[in-house]
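Let's start with one chain on its own, the form predicted alone, as structure tokens.
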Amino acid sequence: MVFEVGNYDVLVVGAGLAGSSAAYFLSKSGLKVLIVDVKPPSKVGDKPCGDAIGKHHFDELGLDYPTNDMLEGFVKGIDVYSPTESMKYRVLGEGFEVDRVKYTQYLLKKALDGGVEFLGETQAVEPIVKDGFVVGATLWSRGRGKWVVNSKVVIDASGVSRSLVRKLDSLSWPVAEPADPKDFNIAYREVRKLSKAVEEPEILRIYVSKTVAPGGYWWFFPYSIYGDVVNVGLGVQGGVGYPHPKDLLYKYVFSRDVFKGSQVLEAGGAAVPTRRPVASLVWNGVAVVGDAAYAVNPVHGGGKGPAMVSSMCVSKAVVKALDEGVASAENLWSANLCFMSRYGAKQASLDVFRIFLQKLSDEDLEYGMSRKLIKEEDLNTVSLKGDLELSVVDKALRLLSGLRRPSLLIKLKVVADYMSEVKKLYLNYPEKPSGLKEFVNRVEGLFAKVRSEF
């Protein structure tokens, strides 16, 4: 039986970090908002991940830092290890290891305190489309069956499942843009209690090796609050036929002495979109945020910060559009301008770097790191800005020091140029929806060149 309920201004599908952030930002607007999630209330926000997030995201968005039981560790930097682990780069930067469930539910509670309504164990079945606009969704709830919500805007925050927008025609609805399976990382991770405390618990570790983690990396993220608890996982590039990440993690990582006698506290896996963002986060009556918008760092797979940024940008645009009377693509367009300038341009640039890195052999990675062809300060700039900045002097010095592999140096210069070109394109994102088609054609053309180059 299908029955209709009262109207809402905004329906948010998915109460993970992206959806709860959107609900929180919208709760300040006075709009009538409903947020739903397939999980029961106690499990909202529970998703396998590395749990790390940069401090700068909280500062940028004006969000409270995680404290008390929401905080599992402080981060002061990341060590990136070469394939043999004989070389490492240290990239400094402050951040947190968060209890993803408790911090997400903290934001959700603040949204509910602001008047947002929430329903758990509720699944989005399909969008409702009328006269070229999404005007609500059919939902299914345990014990309630199928029912309908009418809304002026639907925000899909359902993660990689993209439960609503994937049912829209991508030719007519840019938010439904599909992703290539090769642009995903398939990851598995466990939280373990070790037999002894970790040295430098405020430093995260990332290990790159085509043998151990083909097309990805494995990580060792301590929770410094506890000292002896770590988040350890491994990701591989999807769509290529690589072994299951759990098998690789157990074969190459958990066989190490540091894990002897360790206790498994949590375990699970997930797919992560590691590519440029969706070409448009909004269209007539609909928006995507977080993983549903492919808003994830393509190199290290971090998605919490960009999820919150995308939610902030979309929420502001929704309030503005509804104030103007209709949630058309044009009235919602400021969400794209906001996200692309704040994060999307950097993300697209890093997508070029990701494609380049996935094509390098372990020998090239080891050589490049050992000869400092990319230096720590370069890596820091890449991480923060998406720019691979090589000064004229450094280029000359590195060319002299790397004559044994001139092709690698040539590729490095080419990838830096492509990264700059892609970032510039995104920073000049079209001001109106009418310019989207040309923008997409230019982006696709550039990335076709990148893939043929590497």
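Note that the coordinates shown come from a computational prediction; the quantities given were computed from them, not determined experimentally. The first residue of the sequence shown is number 1, and the count goes up from there.
Below, we refer to the form predicted together with ligand FDA, which is not included among the displayed structures.
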query: Ligand FDA in the model of the complex: contacted by all of Ala15, Ala157 and Arg189, heavy atom 4.5 Å; finding: yes
query: Pro66: touches ligand FDA in the model of the complex, heavy atom cutoff 4.5 angstroms; finding: no
query: 4.5 angstroms heavy atom contact with ligand FDA in the model of the complex for Leu332; finding: no
query: Partner proximity in the model of the complex: Ser163 to ligand FDA, non-hydrogen atom cutoff 4.5 Å; finding: yes
query: Ligand FDA contact at Ser224 in the model of the complex, heavy atom, 4.5 Å; finding: no
query: Single option in Ala271, Val319, Leu112, Val208 placed near ligand FDA in the model of the complex, where near means a heavy atom within 4.5 Å; finding: Ala271
query: Residue (of Leu34, Ala52, Ala416, Val422) lying close to ligand FDA in the model of the complex, criterion heavy atoms within 4.5 Å; finding: Ala52
query: Options 290 to 298, 332 to 340, 172 to 180, 364 to 372; stretch whose heavy atom lies within 4.5 Å of ligand FDA in the model of the complex; finding: 290 to 298
